[in-house]
Ligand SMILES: O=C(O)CCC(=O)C(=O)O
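In the form predicted alone, a lone chain appears below as structure tokens.
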């Protein structure tokens, strides 16, 4: 089982925040051990086999890039990673103490996969430009393999989040980019508005990562996070996991005020 290490100290958090606001990304190396990354990677491949057996083909990029959705409720190790104190510390700093998770998925870039295409993340791609200034959302890329220039590591255009808009078709080509080359067990944090893509995988092996999106609590999540764990499964989990899954957000009852919370089946009175 994953052993969670301490969160970043305040000096490193200051640096992460500065980079996310100015450059748009920051890498923290060796957050988990190789063995822990291997455990998570093995769990991803088991979920891929289950998806295929159940007739779900969440692939794109000529079938060489694959996504596994809603992983928090499927394997315990992902419950630990979504609430890792390093991750929570960064996004509480950037997005507020009441931060929530928007989506938590696995992403596999297989051999021969093409570049993923320059894009921005949810909710920015659903919004009209210019986007509001300040941080609405951020991405956490867990590297379960070494990320290299050759195997399709994520690339970003530094400072592009400050344009407050999505890239026009072909606009990012030729611009200076930074490739997130880092060892297995590392995390890349990105501003959700930064222009980025997965690079082509020129090797004969897959590279596996986890994509955790975190939002300000007023932003509707991309996945149905509150229902990824049942009430019974969630009962023994931490308060921060309940918060990240959106179980603590109050909803207004027309007669009794804001005293209703989400459950796995609907709502309950607080």
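Positions refer to the first chain, counted from 1. Keep in mind that this is a model prediction, so the values were computed, not measured.
Keep in mind that the form predicted together with the ligand is missing from the display, and what follows is about it.
In the model of the complex, at least one heavy atom of residue 121 sits within 4.5 Å of the ligand.
Residue contact with the ligand in the model of the complex: residue 45 places no heavy atom within 4.5 Å of it. In the model of the complex, the ligand sits within 4.5 Å of a heavy atom belonging to residue 198. Using a 4.5 angstroms limit between non-hydrogen atoms, residue 207 touches the ligand in the model of the complex. This chain is drawn without the ligand; in the model of the complex, the residue among 154, 160, 140, 137 with a heavy atom within 4.5 Å of it is 154. Checked against the ligand in the model of the complex, the residues 211, 27, 234, 31 give one hit for a heavy atom within 4.5 Å, which is 211. In summary, the region of this chain contacting the ligand in the model of the complex, judged by heavy atoms within 4.5 Å and restricted to 89-97, 113-121, 161-169, 126-134, corresponds to 113-121. Across the proposed site, 248, 262 and 267 without exception lack any heavy atom within 4.5 Å of the ligand in the model of the complex. With contact defined as any non-hydrogen atom lying within 4.5 angstroms of the ligand in the model of the complex, 67 is the only contacting residue in 66-80.
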